Structure formats: structure tokens, C-alpha cells
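The chain below stands alone, shown as C-alpha cells; this is the form predicted on its own.
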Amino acid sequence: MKNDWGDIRKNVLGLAGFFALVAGALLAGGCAGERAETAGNIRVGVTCYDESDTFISELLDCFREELAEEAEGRAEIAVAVRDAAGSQRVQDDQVAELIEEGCRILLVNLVDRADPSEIIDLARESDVPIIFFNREPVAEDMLQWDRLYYVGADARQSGVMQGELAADVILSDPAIDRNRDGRIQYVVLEGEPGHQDAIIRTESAVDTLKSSGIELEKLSWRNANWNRAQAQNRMAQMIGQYRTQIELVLANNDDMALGAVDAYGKTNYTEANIPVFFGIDGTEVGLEAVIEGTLRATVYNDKEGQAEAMAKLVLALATGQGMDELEFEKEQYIYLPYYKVTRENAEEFQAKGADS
């Protein structure tokens, strides 16, 4: 697959340029400043479900850079980022604090996508618009107010692409069916229990494999909460139970796929007894693993495109200009596409990240 990223977006400013732009306004730990609010100052509050999540960390870095570029010559930016560390109660409190500190726009990466009501109520009372990102709220909650937005991607597309990538590899390499029984024995590493994206990614990947004519036998699955260390532990449990029977590992993200690889690294299995691994997200470590052949493929979650959309939406909401330039679905949603990544094109996506 060939992607002309130059048509998608411009190169962004370096992180050093961002700090130079905001040095006069960015205060440690908050949005409030000594100077009075002016039309040229934009205070933005960000709270994420877990900043240790590799993809979220990379996305936030891109967002800071994109926002600096979009604001250059137009406004002075102050950004406060808070880590909810997996607690919705903490995130609710963070939103209240950010509003109290004077943030005019909120970006929220929900801990619990089904429980945004308190956040929405707090923002609506203060007339502070919210841009939800990466973890999509339930559709009914998005209808609570007309100043709610979402920027992210379609989870089903990522699962379909993972299934297509896995099908291509399996159909081209009969040796993956090690026991020659005509079926592929597989396991799944999923994100959080009950999380919509995790469920959709898994179901669509498996359905796509089946529709490609591949016979499957599901041995087991484990939730690993998007976390590499947890995935290593869960995979070790499945290896202990199924030993060399596992021929395919489908993981809902790259970190969990790499956790599975780590688990096999602790065994004395030869390469002939190790399954093939597939991830999603195209993180820096995920792309490197594809290039090295550790992961057979991944699906690129366009953090640069999402960061650009988030930054443009922030400036449009703050200035009242540019909303008509954004491509919304149902007036509230901005979705960026996923892309298939194999060893043949992984360096293109590495270069895309390096340019950001």
C-alpha cells in the first residue's frame, strides 16, 4: 500500500517550537495565569484515561505540536494535561478543576465511555465545549448537548483490516497451520472487559478471517487492558495451558501483541513452534516490531490526523472561525481512517511519525 502523506497534512512544528510559543502562558499543573484572559489567549484542559498508554501518549505529543502550529500567529496557547490513571471519579474531579482554573475548551479521553454524564453536566453549566477523543461516548450521551464533539476512528475498520492482514499471511504461508488439521488455532488478547472498541475489533477481525475462507478454532482469550505487561502475563497463562497448539495471536493493540511476544521470549520454544502475531495502532514500538518481523502486521491508527483534527477544532471553537472547514459526520463526529501496515510499507509510517 502506498500513502502520500504529503497530501494529508503539512509537517508540524517541533516540540521545542511548541514550548517557545506557549512559554509565556503555560503554567505548571494548570491553566490559570497571572494575566487576565484576553481574546488572544486560549486555555485548554486535557484529561486522558491513562497517560501510560503508548498510543495515548504519542497522540498527546502530536496534539501539542499540531495545536502550536494551528495557533501560530493567531493565539497564545496554555495547555494542561491531567492523567486520570484509570479512575472515572478522578477524571470527573479533574474536569471540575480544569473548568475552575479557567479552561475554555476541554479534551476528554474517557475512562468509562458509558459514564460521561457528570463531565457533560459540569461543562454545560460553564458553557465549556468538550472534544472527546479516542474513546467514543455512547451515542445517546452525545445528544445531551450541542457542544459535544468526538475525534477518533472506526473500531470496526481496524478489526476488518487486522483480519484481512492475518488472512493474507495465513493463505500465503501454509506452514502457519502447524498441525495440518485445516484449521488455525488462535487466541485473543482484548482490551478492557466490555469496552466497545475491544469487542468490535475482535469480532470484526475474526469475522473477516472466516469470510476469507479460513477455518478457525478459538482456544482462549484474555483481557489485558491494553497493557503490555498484563498481556505478557495473560499470554504466559495460555501458553501453559495450550503449549504449542497456538498458531495465531490476535491482539486489540500493539502493546498487547508485544506482550504476547515477550511471553514467548520467556520460553524455550523454537521459531517453528511460535505463532504469528498481529496488533493494531501502529505505535513506534509496533512499527519497529513489524520491520523486524516480530509482528507480522499492524493497523495504523492515524494519530497525526486525529491530532490535527483536534487542534483545528480547538481553534475553531475558540475563535468562532473554521468550523465549516472541518468534515463532520452527524455534525459532531470526525473520523480518521486506519491503514494497513506490513513489513513492506512500515517505514513509510515510521517516517510519518518522525515528521510530526
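As the structure is a prediction and not an experimental result, all values here were calculated from the model. Just count from 1 along the sequence shown to find any residue number.
What comes next is about the form predicted in complex with a small molecule, which does not appear here.
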Checklist entry - in the predicted bound form, do D53, H195 and N253 all put a heavy atom within 4.5 Å of the small molecule? => result yes
Checklist entry - E247: heavy atom within 4.5 Å of the small molecule in the predicted bound form? => result no
Checklist entry - At the 4.5 Å heavy atom threshold, is N301 in contact with the small molecule in the predicted bound form? => result yes
Next on the checklist: Can you work out whether Q162 and the small molecule are in contact in the predicted bound form, taking contact to mean some heavy atom pair no more than 4.5 Å apart?
Outcome noted: no
Checklist entry - Is W226 close to the small molecule in the predicted bound form, meaning a heavy atom pair under 4.5 Å apart or at it? => result yes
Item to check | One stretch from 308-316, 321-329, 286-294, 55-63 that, in the predicted bound form, holds residues within 4.5 Å of the small molecule by heavy atom | outcome: 55-63
